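The chain below stands alone and is given as structure tokens, in the form predicted alone.
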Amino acid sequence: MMAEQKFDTNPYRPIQSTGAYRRLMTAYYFMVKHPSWFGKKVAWITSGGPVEPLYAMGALPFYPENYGAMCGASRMSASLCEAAEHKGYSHDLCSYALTDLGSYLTGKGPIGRLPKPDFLVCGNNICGTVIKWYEIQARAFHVPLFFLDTPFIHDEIHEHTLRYIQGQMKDYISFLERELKRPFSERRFEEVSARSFETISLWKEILDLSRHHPAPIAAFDAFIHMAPIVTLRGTRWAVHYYKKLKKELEERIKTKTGAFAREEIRLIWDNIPIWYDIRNLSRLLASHGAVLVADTYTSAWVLDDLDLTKPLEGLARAYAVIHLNQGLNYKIKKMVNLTERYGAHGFIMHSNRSCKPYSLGQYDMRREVTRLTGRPGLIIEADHTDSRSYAPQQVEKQILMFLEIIKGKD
């Protein structure tokens, strides 16, 4: 693994709200680790799954993928993946899945043994791996599993597809009523959906602030501060936190304070972060005046089609059209839009060994986005949590050469 380097030519300006963020996430994981203390049941759910019905029913969601990111950032994933592989699981599986399985088998991880789920909720709008992954864990824990099926959107969502997913959502609610032994409250669901919409709106506004020059928050910061939009969407906690973060960033804009002291090159990131090397990559880029100002990953939780007038139907549409459940043309348009809206000089694409749905078609994407924007793109190879599939020195050389190309163009 790349040894941490000291780059003093472009100091990073820490976000003061990070302290509140850490307290918030500590409280969340404390509740999930001790649900009985709060009279709650825990549901494991995929990152693209509808969380609003869970909060409306008083259940606590737990995200194995988000926990996998924590393990990656803590540089614990490689050993956990090896533990799963030792039990016969293939190295070719997603490292989030392997990390989760390894943590279950060993009881190790940033917060120790994972909380036992009362039931699992699996949505295939992010990938197909989660189906077998959650089936395995449902058998291991001897708990029920609900599978929410969302057909892939190749071009646009059709009415019959939307009706089908709405039916799936109704089945989901019936499942929750059975497991939690209480009726579903429409009033409570509308309240949670309203807070979810407010959280999503705040998150979108926060990401949009980086259209300013200099950007008050870098994508590397957004990768960390996105945790509440994933785990706490629909809660007052998330709303309060993002209001605080937004206020701080707006103050930065007034004083023209950027995430880094120097911003000369603006870049877009595609795919999941390389969690175990975020700090080094950020320092490397910053030392050459380059800042990641936007990305396709954190913006994936901006559910643009969420309709509050009919929450259930709105959620069905919103969760069907998320980033990973759409075709290549949608992803190209999104990259072009980000590149132009944020005034980027180029873009970096992470060819992620673990996430095939996210990485499929990236070479075609790079060619087409460059053709449409005139901005160069770089593809680097890694894995989002498994550092064994990463050659840091090679990636560093690629990035330095790429930055020289951008400087030469400008």
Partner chain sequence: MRKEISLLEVDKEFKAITSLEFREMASQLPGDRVPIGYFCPYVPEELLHAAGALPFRLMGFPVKMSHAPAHLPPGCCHLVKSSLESLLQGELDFLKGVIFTHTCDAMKGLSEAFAFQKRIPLQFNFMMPAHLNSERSLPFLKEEIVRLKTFLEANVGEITPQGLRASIRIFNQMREKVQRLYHLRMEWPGRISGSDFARIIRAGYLLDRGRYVELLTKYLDELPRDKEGKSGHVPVYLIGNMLHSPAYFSMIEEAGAQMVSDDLCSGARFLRLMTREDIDPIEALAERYLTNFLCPTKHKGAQAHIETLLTEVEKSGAKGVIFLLYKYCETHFFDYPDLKSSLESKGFPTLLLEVEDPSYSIGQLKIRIQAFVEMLSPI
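Positions refer to the first chain, counted from 1. These numbers were taken from a predicted model, which means no experiment stands behind them.
Although it is not shown, the form predicted in complex with its partner chain is what the next lines describe.
Against its partner chain in the predicted complex, the set 147, 351 and 367 is in full contact: each member has a heavy atom within 4.5 Å. With its partner chain left out of view, the stretch that reaches within 4.5 Å of it through heavy atoms in the predicted complex is, among 124 to 132, 223 to 231, 108 to 116, 289 to 297, 124 to 132. Though its partner chain is absent from this view, in the predicted complex it lies within 4.5 Å of a heavy atom of just one residue from 141, 89, 301, 197, which is 89. The partner is absent here, but in the predicted complex a heavy atom of 329, alone among 257, 79, 329, 74, sits within 4.5 Å of its partner chain. Although the partner is absent here, residue 40 is not a contact residue: none of its heavy atoms lies within 4.5 angstroms of its partner chain in the predicted complex.
Although the partner is absent here, residue 168 lies within 4.5 Å of its partner chain in the predicted complex, judged by heavy atoms. In the predicted complex, its partner chain sits within 4.5 Å of a heavy atom of residue 151. Using a 4.5 Å cutoff between non-hydrogen atoms, residue 35 does not count as a contact of its partner chain in the predicted complex.
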